[in-house]
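This document starts with one chain, in the form predicted on its own, laid out as structure tokens.
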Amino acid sequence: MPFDPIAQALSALNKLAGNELVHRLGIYEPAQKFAYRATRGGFRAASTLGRQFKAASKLVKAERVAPTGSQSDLFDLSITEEQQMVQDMVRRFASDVMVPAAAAADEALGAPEDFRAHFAELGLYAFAVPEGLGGAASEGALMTQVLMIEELCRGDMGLAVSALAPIAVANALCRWGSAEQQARYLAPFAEDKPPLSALAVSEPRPAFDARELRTRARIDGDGFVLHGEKSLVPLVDEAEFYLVAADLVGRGPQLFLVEAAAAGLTLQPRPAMGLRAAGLGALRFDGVRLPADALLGGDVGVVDYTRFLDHCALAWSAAAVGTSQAVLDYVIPYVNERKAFGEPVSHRQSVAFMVANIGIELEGMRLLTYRAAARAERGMDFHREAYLAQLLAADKGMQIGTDGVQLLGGHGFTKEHPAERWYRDLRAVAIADGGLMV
């Protein structure tokens, strides 16, 4: 049957009309406009029953998203009408769905059962899939994802990582995957039930450097054999496949697609100090045999590994901005309402200056992040900008988390208030490699 974009748009609108979550959040109108625009290229309609990651159709060549805008070093902070609609919709979702569920998810070490299903209903996975594969990734998608990460992490960073981990893998497949890999692994992200997947980069050792990997892959016949261990992997118990960073002996760092059912792969939940709702854990590879087409891009040198890490740094910077904004949103009314010695504590200069500093540092983090995103979206080199953004986000994010706890006094130490959770989550930005990617 020929592809009919109008039929696809109407189908998406019908789903929105009957979606109880969309009506409950009061976002039917912006979601309706967004769905119509996003479905101009059409969403792929297919069932995930018994998903075996087999290509539904053969691609002649890999689908890529072209850079947008000029190569000028100037950048514009204004966002498009479509990006504004996405930002408003995600912000409402974060405040109405994520914030009430965050504390329980942190305690349960995982997202609520229906959380990712509700997130998938918003259609945001399609922003990582090119239009040629039934998605909505196009010019402006990278900045849209930065805004999306910021708003989701404003709701809760742990739940956000849980929802965004598959999008990180889809972004890598979109950027570097071969035509066969895109048809097999990327196309399902435009379906009603996108596959759960996650990046696996970090390793359990002090002062880990993502450019010096101890997880090793060696060529064996017409495939590869993988040995090593990964840590801080989101959705470790639920993912259907992983994108694993490993050093290909003699060739340097590469990325490999590893399905969860692979022989020799051991999964182990391993909660960390923060991001507990993301379902973090460890992967162990004991002679995992991979076919030749498991190498992302299909050949050595296709993946720009430094650029891959830059995209990860950019995503974590946006996450720090969102959570830091949540801290600021919470402490301002708290210090204005909390009284000591007959007046609000915000009347004390030490308190007022601390709140002001949070606002100042937050804006600096946001501007550096947006600048890096603007350059990345145009196809320009953004290595320096991404590095600076994550460096500032790691430093000032931890300080903002600390100040948030400090401003709440004794309340900051208790779980009755979210400041202690934000403190723990923001510290992850300094050690994060992988997990998130735009």
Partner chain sequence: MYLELPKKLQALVDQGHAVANEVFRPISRKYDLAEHQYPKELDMLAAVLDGMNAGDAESGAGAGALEQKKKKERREGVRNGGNMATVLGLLELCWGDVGLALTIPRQGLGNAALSAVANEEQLKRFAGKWAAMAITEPGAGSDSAAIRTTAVRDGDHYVLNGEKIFVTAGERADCVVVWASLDPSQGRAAIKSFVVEHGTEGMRVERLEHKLGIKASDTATLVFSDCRVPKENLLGSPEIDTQKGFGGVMQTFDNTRPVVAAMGVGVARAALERARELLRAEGYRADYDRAVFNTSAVEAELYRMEADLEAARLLTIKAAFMADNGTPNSMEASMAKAKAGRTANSVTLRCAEICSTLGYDEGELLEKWARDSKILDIFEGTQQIQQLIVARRLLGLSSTQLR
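Numbering follows the first chain given and starts at 1. In this text the structure is predicted, and so the values were computed from the model without any measurement.
Separately, the form predicted together with the partner chain exists; it is not shown, and the next lines address it.
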Item checked: Location of the partner chain contact in the predicted bound form, chosen stretch of 218 to 226, 252 to 260, 94 to 102, 78 to 86 [non-hydrogen atom, 4.5 Å] -> 78 to 86
Notebook entry, point to check: With the partner left out of view, is H411 within 4.5 angstroms of the partner chain in the predicted bound form by any non-hydrogen atom?
Noted result: no
Note to self: So in the predicted bound form, is the partner chain close enough to R289 to count as touching (4.5 Å, heavy atoms)?
What the structure shows: no
Check: For H347, is any heavy atom within 4.5 Å of the partner chain in the predicted bound form, or not?
Finding: yes
Item checked: Partner contact for E240 in the predicted bound form: the partner chain, 4.5 angstroms, heavy atom -> no
Note to self: Please determine whether each residue of V355, Y387 and L392 possesses a non-hydrogen atom within 4.5 angstroms of the partner chain in the predicted bound form.
What the structure shows: yes
Margin query: Looking at E131, E121, E191, E361 here, can you tell me which has any non-hydrogen atom within 4.5 angstroms of the partner chain in the predicted bound form?
Written below: E361
Check: A294, L368, L248, L213: which sits within 4.5 Å of the partner chain in the predicted bound form by any heavy atom?
Finding: L368
Next item on the list: Taking the partner chain as it sits in the predicted bound form, which residues of 241 to 256 have a non-hydrogen atom within 4.5 Å of it? Please list them.
Entry: none
